[in-house]
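What follows is a single chain, given as structure tokens, in the form predicted on its own.
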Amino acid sequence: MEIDLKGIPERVITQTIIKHGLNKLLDISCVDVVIVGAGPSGMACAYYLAKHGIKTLVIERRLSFGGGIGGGGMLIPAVVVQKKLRDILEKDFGIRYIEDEHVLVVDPAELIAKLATAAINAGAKFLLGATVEDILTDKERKRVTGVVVNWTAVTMANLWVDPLFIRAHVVVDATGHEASVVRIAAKKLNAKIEVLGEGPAVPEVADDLVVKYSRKVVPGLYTTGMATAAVYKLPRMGPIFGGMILSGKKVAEDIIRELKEQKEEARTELTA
């Protein structure tokens, strides 16, 4: 068999990647909402925001989606979701499930793939392999106005490479158990913020509590999912993901209302 040596030249491959990759970085340098973390709550939040027409960017330090979904329960390839999320799984994400006596059983790979696909199809952008190492604030250090990012490979190699900035009206900490963005804000803002750490596992109440407490922490910064549990010392719930999805949905709805109010206020000032 003859080998075709008239394929695509290497310079075309390189130039095309640089051109389109840098165009993407330029486009996401200023967005409406930055979500830090591509776990279940972060991807659900991104879907509901993007579906509403809000320019949304998800930053994930790893090179893949999913957060804690992929490991199932102790590497057993199954996770569970509460039955009350049946319509959300079906209608919003097209996720298949097996109905067990008490819960819905979902394949971890399908849950990851379809949460990500739904968010991307709705218009959310993802930046993989990037780490948020600081926040942007207003001059008074009272409001979060964006994030400071670098490539995860750079931070892992302990190289001194200056980061770049991404502006946003709102930042969402969806970093899971670490609540890393809130921890940064606690050091940098002129506000009393404390990350209490998670409480012990109490699955019976954990999901409802994480939805209830997912909210704005300080102006410009929200928490969702297990980051919320870490901030408010809520119990963890293990490999059941209904609360994660509902938490992201709730925060998205709160942000949609906030951005709408901001636009109305700006419109009022212009006409005054």
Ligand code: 48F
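For clarity, every value in this text was computed on a predicted model and none was experimentally measured. In case it trips you up, residue 1 is the first one in the sequence shown, and so on.
There is another form of the same protein, the form predicted together with the named molecule; it is not shown, and what comes next is about it.
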Legend entry - Stretch in contact in the predicted complex with the named molecule, which is absent here, among 189 to 197, 127 to 135, 93 to 101, 164 to 172 (heavy atoms within 4.5 Å): 127 to 135
Inset, instruction - Spell out, yes or no, whether the shortest heavy atom distance between Gln82 and the named molecule in the predicted complex is within 4.5 Å. - result: no
Inset, instruction - Although the named molecule is absent from this view, report whether Arg141 comes within 4.5 Å of it in the predicted complex, heavy atoms only. - result: no
Legend entry - Partner contact for Val36 in the predicted complex: the named molecule, 4.5 angstroms, heavy atom: yes
Legend entry - Non-hydrogen atom contact Ala46 with the named molecule in the predicted complex at 4.5 angstroms: no
Inset, instruction - Tell me, out of Ile28, Ile240, Leu209, Val218, which residue has a non-hydrogen atom within 4.5 angstroms of the named molecule in the predicted complex. - result: Ile240
Legend entry - All of Gly21, Thr117 and Ile120 within 4.5 Å of the named molecule in the predicted complex, heavy atom check: no
Inset, instruction - For the heavy atom contacts within 4.5 Å of the named molecule in the predicted complex, list the residues of 36 to 65 involved, in sequence order. - result: Val36, Gly37, Ala38, Gly39, Pro40, Ser41, Gly42, Ile59, Glu60, Arg61, Arg62
